[in-house]
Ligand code: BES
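Encoded as structure tokens, the following chain is the form predicted alone, with no partner shown.
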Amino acid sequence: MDSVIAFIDANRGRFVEELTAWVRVPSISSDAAHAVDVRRSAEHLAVELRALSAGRVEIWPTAGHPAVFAEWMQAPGKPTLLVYGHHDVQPVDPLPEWITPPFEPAVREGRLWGRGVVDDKGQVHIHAKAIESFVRTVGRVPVNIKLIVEGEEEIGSVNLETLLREHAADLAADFVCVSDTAMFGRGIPSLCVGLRGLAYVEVFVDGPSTDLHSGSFGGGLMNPVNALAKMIASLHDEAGHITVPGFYDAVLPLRDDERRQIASLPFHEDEWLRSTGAPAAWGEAGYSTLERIWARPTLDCCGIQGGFQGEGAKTILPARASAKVSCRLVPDQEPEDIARKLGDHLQRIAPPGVRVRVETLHGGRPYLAPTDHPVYDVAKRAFSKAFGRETVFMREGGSIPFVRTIADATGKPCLLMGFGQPDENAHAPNEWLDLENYHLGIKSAAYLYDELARLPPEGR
């Protein structure tokens, strides 16, 4: 490993330059105007991987945006690791808030700034550079590696299940590694062992057929905005518990040892609160802040609209109102079940005089890793070797639907080995990647491959 690590150190600057070239491609999957750029992003990655002695590099088309597949199967008798990432990125709005243009990456304060640098091009690139470091020094990677990099993660991975089904044999592996998560803090090697799922609905409340004069009709008809506001407000009680009947029925409770492990992490709530700009923390009674955002379900109104929004006053009784409601889910909740229960409840609590319709927008299932599997000890050792300190287990409050999809499809342990930071602005202006984490991430991936080579294949 000495020559591999020395190569990583010697090529640190070049690796950043090559990541920068990929980030310049504006692969925004949600914008049809950038469809050609998403394709160009896939081609850029494929060219880079072909230069690394891969046995196969292919661009897999889908009904939407393409994915990239590559494999290095030059280690007979050794385990096979499937690495997942994505090359599509979020939109950049609001553009005026960017200090430097989102697709003109810049280095400042030991960070690389630009859209997609951490979510997820930088994290995919970590694996590409770890593979290169083995190929250029010892001639091959010590384990078998397959790499799947999709182009639709930011729009819900809508065609991923089809890819998994159609290419099941190509993607067969002993272990799965996803690098699309954050570390607990700067310099703290962290393995994410839990992700929340998601159920997202939109509720529409209709009253009169058109906006009406509030003087002539106000007091005689139910105002849809008033009705919706009352309905949304009633979805939590004073203790922060969600009032939807059956919402908590399938929730897997935190074990005492899990609560102790979370409590042992170096979390400073006052610093965390200052980073948010909010005046006080809030949430479900009986749980710490980390427990609430990692391991308890939530229900949030993400947006609400209705009535007059222009400058000045307009005296109307609005014809309609709507709200978008997001539920973060934990094991063993199912998004379809929660969306149905929420929709039924909103229908029940609607006051007379309005009509209610609830539409499910999208969802994803939660994931909890089997941390007693030997591969987690292997990953902890690899991380610790690179960072020089003990690796911690953490969870993440966000959702990556693919993780549960591939875990269920393969039946294999899924390592969530991320190298981002909690405040990296992944979906906001001024996204950044800590370049020290990027460098140590490449070393971590290299050590992971080396450590995995000591495990027997699980059999497929």
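Predicted model only: the values in this text are computed from it and were never measured. Just count from 1 along the sequence shown to find any residue number. What we label the rigid core is the largest C-alpha set whose atoms superpose within 1.5 Å from one form to the other.
There is also a form predicted together with the ligand; it is not shown, and the following applies to it.
- Only one of Ala386, Ala369, Leu198, Ala227 comes within 4.5 Å of the ligand in the predicted bound form through a heavy atom, and that residue is Leu198.
- The contact residue chosen from Glu154, Glu132, Glu71, Asp174 relative to the ligand in the predicted bound form is Glu154, the criterion being a non-hydrogen atom within 4.5 angstroms.
- Stretch-level contact check against the ligand in the predicted bound form with heavy atoms at 4.5 Å: of 99-107, 154-162, 257-265, 316-324, the positive one is 154-162.
- Taking non-hydrogen atoms only, Arg136 never approaches the ligand to within 4.5 angstroms in the predicted bound form.
- Using a 4.5 angstroms limit between non-hydrogen atoms, Lys121 is distant from the ligand in the predicted bound form.
- By the criterion of a heavy atom within 4.5 Å, Arg328 is counted among the residues contacting the ligand in the predicted bound form.
- The ligand is not shown here, but in the predicted bound form it comes within 4.5 Å of a heavy atom of Thr181.
- Residues of 384-411 lying near the ligand in the predicted bound form, listed in sequence order, are Glu396, Gly398, Ser399, Ile400, Pro401, the criterion being any heavy atom within 4.5 Å.
- Relative to the superposed core, Met73 undergoes a Cα shift smaller than 2 Å between this form and the one not shown.
- Core-superposed comparison between this form and the one not shown: the C-alpha position of Leu273 differs by less than 2 Å.
- Relative to the superposed core, Leu368 undergoes a C-alpha shift smaller than 2 Å between this form and the one not shown.
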